[in-house]
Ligand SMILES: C[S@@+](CC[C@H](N)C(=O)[O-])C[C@H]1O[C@@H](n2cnc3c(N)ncnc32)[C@H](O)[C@@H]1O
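The chain below stands alone, shown as structure tokens; this is the form predicted alone.
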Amino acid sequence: MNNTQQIEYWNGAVGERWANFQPQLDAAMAAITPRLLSFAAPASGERVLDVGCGCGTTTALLAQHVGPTGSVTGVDISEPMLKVARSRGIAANFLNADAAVHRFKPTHDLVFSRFGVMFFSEPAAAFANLRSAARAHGRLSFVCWGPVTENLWATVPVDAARAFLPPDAPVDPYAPGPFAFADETRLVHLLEEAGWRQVEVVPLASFMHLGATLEAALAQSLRIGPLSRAVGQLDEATRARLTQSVRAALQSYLTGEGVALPARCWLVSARNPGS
């Protein structure tokens, strides 16, 4: 299994940008995170592995739920984001490692992730490795994105920018990326192939809050959203026209509380059957 490309990606400029945008990203997911925590139900005294923990926000929330008699380990491949996590004084351990291949001990009651499992190059093998981190009858709980067509936070900026971008090359819908698990049937199959049982996928209709102001939402869409890589390759004049088009599209979703666009997720749970 080779996740070299993802490791390089998240330890370069992208990882630095995500680390710098940590408060905005937490605000963007503010409607989703509590639903995931309620679904996962971390309990006092439990041992939790937070996969793709990023800057540590979910790790901190999990630590509050399990309390001093429990423990939480956050694992991520991005050292820029882990640097932020470690600076926050969170009562947890942080591990810079590839969760797809790291040799975990089978001690965790809960393997948890908020949008951190969609980037595996070989997802069935990666989910099998995550199962090795769970104790017998331990559980898996995560949230991932559903169909891209139902995630307007991603499609609205891209559609507004399309006229200013080169033609899209064919994309493998199952390639590592935000929407790798949009196909519910495939997702269930991958988890079962990895040895997880009692797999449940629950749809969640929610919102992504892209910014308190129109300009903040625009900055987030262009700097860390699906457009970020393409925008950086444009000349200044084209970038200016694209920016104006995206701004106009986002303005339609401006409310008194900021810019919020519909999001569609899967809340996923499973059990490790044990030996």
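All residue numbers refer to positions in the sequence shown, first residue = 1. Because the structure is a prediction, the values reported are computed rather than measured.
Keep in mind that the form predicted in complex with the named molecule is missing from the display, and what follows is about it.
Contact check for residue 94: every heavy atom lies farther than 4.5 Å from the named molecule in the predicted bound form. The shortest heavy atom separation between residue 52 and the named molecule in the predicted bound form is within 4.5 Å. Under a 4.5 angstroms non-hydrogen atom cutoff, the named molecule in the predicted bound form lacks residue 266 among its neighbouring residues. Interface membership of residue 24, defined by any non-hydrogen atom within 4.5 Å of the named molecule in the predicted bound form, is ruled out.
Every residue of the trio 3, 29 and 81 has some heavy atom no more than 4.5 Å from the named molecule in the predicted bound form. Comparing 72-80, 186-194, 200-208, 155-163 against the named molecule in the predicted bound form, the single stretch with non-hydrogen atoms within 4.5 angstroms of it is 72-80. When you look in the predicted bound form, the only residue of 182, 85, 110, 99 with a non-hydrogen atom within 4.5 Å of the named molecule is 99. For the partner-free chain shown, 97, 98, 99, 100, 114, 115, 116, 119, 120 of 90-123 come within 4.5 angstroms of the named molecule in the predicted bound form, judged by any non-hydrogen atom.
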